[in-house]
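Next comes just one chain, in structure tokens: the form predicted on its own.
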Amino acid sequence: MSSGATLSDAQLRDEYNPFLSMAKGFDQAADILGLDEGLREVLRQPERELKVAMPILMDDGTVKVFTGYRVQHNFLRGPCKGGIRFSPDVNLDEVRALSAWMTWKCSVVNLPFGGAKGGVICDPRELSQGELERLTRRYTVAIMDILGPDRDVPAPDMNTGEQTMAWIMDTYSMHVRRTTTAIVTGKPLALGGSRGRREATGRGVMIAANKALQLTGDRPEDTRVIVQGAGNVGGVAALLMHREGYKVTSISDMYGAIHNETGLDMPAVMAWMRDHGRLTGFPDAAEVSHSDQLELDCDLLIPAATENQITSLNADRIKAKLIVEGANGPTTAIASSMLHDRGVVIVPDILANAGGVTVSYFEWVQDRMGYFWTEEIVNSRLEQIMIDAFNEVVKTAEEHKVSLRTAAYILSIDRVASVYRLRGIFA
């Protein structure tokens, strides 16, 4: 398939459905592993889905009802783990897919967690701080029966952060009548957060990029990088990679992208964004559209914004020879196959962006034992886990002669399936 134009509208809808995209990756790996149909059915489906309606008193005195979800995909290896996002685009299929990806992500880096994900349909830009707090606390109460340090531990995701986690922790703690710091991760340091957590996903992306260059035989100083997204993933990765010698030529936020073929001064770019609230207007850089940015000439592309950015409609125009996925599901299953057939190396999301959940695991461990590590220890342990996981995925890919994405699925699914066989079926 050379162009998405050959797909019907129904086929395009299926391509953009993140749960179906996840299922395709799962099925490819399951075929190679020879999983029987019963076990496939167990591992493919979420174990629990909760939909809640939340009436919120708005600042103008009106009441508005918001919809929220929490999907727990799998409990076999330990408590569920996964972020909560606030976005107008949240839907159940998206949350289902993200919860499953969390299961495979935790497994591929060998953490004792299952996967979960949550979301609230809202536009945080249209809500005041007070409305956001009331919405967060009401959402916490609505899903509280399935939360707990040994049951389900949320974390930040799109449009949520340390303050959101602080509100969740406080709401949960007030209801159980004791301070329970291990109920969430990604908290402020003063509330039991971990040093290095804010930068962890971006740092993990950089570590994955460094390892990938070893596969392609390239050097950071010879590598032109395009980063889609300038938040805690893309922005941090771009800044860290700039310090490592990579030439970051383009970066984007929700308003647009900037580009300079000779390389951007990333500390100056991030300072500009902090001062102006957006990247546009940054001097010594051209402004380009989101769609054009992905198709710029580069060596390494890091999609670190949201899912379904590289699809059958634009895959044949992607010029990067290496893609490291900072976001969850940024490349559709069809586009991934198209790029693999062209020889493009893709470090999949469940490996490349696993730095965040790895340091979330560190935070959970530190909260439970009441002893906290230095940032040097956190970063050192993160790097070791990411390198070990990367090496295992590469070894699996070589053994089965498959892409890194399929290899990551094989490794992670096999670990979960092995636990299932050991535990058996409770009756």
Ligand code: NAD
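Here the structure is a predicted model, which is why all the values come from computation and not from measurement. Residue positions are given as counts along the sequence shown, with the first one as 1.
Keep in mind the form predicted together with nicotinamide-adenine-dinucleotide (NAD) is missing from the figure; the text below concerns it.
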For this session: Only one of Ser87, Thr180, Asn260, Asn232 comes within 4.5 Å of nicotinamide-adenine-dinucleotide (NAD) in the model of the complex by heavy atoms, so just point that one out.
Result: Asn232
Exercise. Between the options Thr136, Thr332, Thr201, Gln72, which residue brings a heavy atom to within 4.5 Å of nicotinamide-adenine-dinucleotide (NAD) in the model of the complex?
Worked result: Thr201
Problem set entry | Asp253, Ala327 and Asn353 all contacting nicotinamide-adenine-dinucleotide (NAD) in the model of the complex, non-hydrogen atom within 4.5 Å | yes
Problem set entry | Contact flag, Thr249 vs nicotinamide-adenine-dinucleotide (NAD) in the model of the complex, heavy atom cut 4.5 Å | no
Exercise. According to a 4.5 angstroms non-hydrogen atom cut-off, is Arg197 in contact with nicotinamide-adenine-dinucleotide (NAD) in the model of the complex?
Worked result: yes
Problem set entry | Residue contact check: Glu295 to nicotinamide-adenine-dinucleotide (NAD) in the model of the complex, 4.5 Å heavy atom | no
For this session: Examine Ala305 and determine whether its closest non-hydrogen atom to nicotinamide-adenine-dinucleotide (NAD) in the model of the complex is within 4.5 angstroms.
Result: yes
Exercise. Which one of these stretches, 188 to 196, 241 to 249, 212 to 220, 150 to 158, sits within 4.5 Å of nicotinamide-adenine-dinucleotide (NAD) in the model of the complex when only heavy atoms are counted?
Worked result: 150 to 158
Seminar exercise, completed: Taking nicotinamide-adenine-dinucleotide (NAD) in the model of the complex and a 4.5 Å non-hydrogen atom cutoff, the residues of 92 to 109 making contact are Lys105
